[in-house]
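The chain below stands alone and is given as structure tokens, in the form predicted on its own.
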Amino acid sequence: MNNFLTEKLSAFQSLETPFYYYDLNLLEQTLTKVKEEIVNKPYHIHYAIKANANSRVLKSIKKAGFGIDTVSGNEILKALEMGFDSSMIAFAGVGKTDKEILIGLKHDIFTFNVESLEELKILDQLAGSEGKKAAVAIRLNPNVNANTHHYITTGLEENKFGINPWELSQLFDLLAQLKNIELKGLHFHIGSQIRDLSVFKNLCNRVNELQKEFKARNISLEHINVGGGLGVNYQEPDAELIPDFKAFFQVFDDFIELLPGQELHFELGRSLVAQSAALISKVLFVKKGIKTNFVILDAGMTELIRPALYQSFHKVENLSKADAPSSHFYDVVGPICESSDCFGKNIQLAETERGDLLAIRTTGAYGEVMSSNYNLREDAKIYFHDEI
């Protein structure tokens, strides 16, 4: 093992665990790579703030010149607090409250990504009451299978997200009637942690088909928003600390059919921030059994819920035994009073003992931001590369 964490081991040993450790140098390298791949293209990035709303992370995102993709009123307010221009803030979500919609209207955000005909009607009413016109991108459900975990698949007709193609005639009738709606574009998002890039080719083909429906009715669209979803390498993070953004954007270069002057927007989250953080935890006990040996950590599902929620894989490394052979197998679990509080089963590690420091990798996305105080646990501390 030889990665950006082992060099910090001596510093880690003096810190109270568990804690999140962020390498913002890696984050900035990742953002730079994205910028290099979209230069001179009509492409725009909105960072999906739901992935990680840490203020220092957001400062790096803002410095890169990206916008923000939000799914709540408080996320809009956080983005504004961090200095993001409201004209670069998109607002999605199937259940926007009136209060949240009014926040977006007050600040003249880039778009409301509208997910149902009913929402469109309510948005029109609220905009009218405020003497505003709401900038809208219609989220269409393209019925494209993302081939990912069913909890993070969002682009099928069975999912709750977006307006379905069979509702298009109703949509066109409604758009002609509403006076406080300004249609700006179409929005799509088919899921998360997508590693098979052919899925995005399928999305492009479906977008092209659906856009023709609008063009046939002389409805002009300033932009197409294809969402996010690009996955990261959880299995071997050091082999791919920065995702292959070149290949990702090449799919859209090759297959999306933009109209003259039309922009293409992306809502990347996980792929930007996931690899830039690790959860560092201390071994409390090693509990030996007949068939299974358990490594019990002081971090649990309160700090990282993804394995319990999605059965997701995160690589676990014993930093204290970085040079020892990984010759033992353990179930790595947390202290929470839930059987689902497990980071992984049959994980191969060096022989592990009480006091060892373990790193749970690739936790920069949906780690800190989804943490909780269940069992009245304290919040895990946050440290950055330039602090230790």
Ligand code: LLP
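Computed from a predicted structure; not experimentally measured. Start at 1 and count along the sequence shown; that's the residue number.
Omitted from view is the form predicted in complex with the named molecule, to which the following refers.
- Residue M370 is the only one of M370, L15, L9, L24 with a heavy atom lying within 4.5 Å of the named molecule in the predicted bound form.
- Of the candidates H265, K96, K184, R306, R306 is the one whose heavy atoms come within 4.5 Å of the named molecule in the predicted bound form; the others do not.
- Residues within 4.5 angstroms of the named molecule in the predicted bound form, judged by any non-hydrogen atom, belong to 191-199 and to none of the other stretches in 128-136, 98-106, 279-287, 191-199.
- The named molecule is not shown here, and in the predicted bound form it never comes within 4.5 Å of any heavy atom of V295.
- Though the partner is left out of this view, K50 does reach within 4.5 Å of the named molecule in the predicted bound form, counting heavy atoms only.
- Proximity of F172 to the named molecule in the predicted bound form: non-hydrogen atoms within 4.5 Å are absent; the residue sits far from the partner.
- At a distance threshold of 4.5 angstroms between non-hydrogen atoms, P243 is out of contact with the named molecule in the predicted bound form.
- Along 62-100, these residues reach a heavy atom to within 4.5 Å of the named molecule in the predicted bound form: D69, A92.
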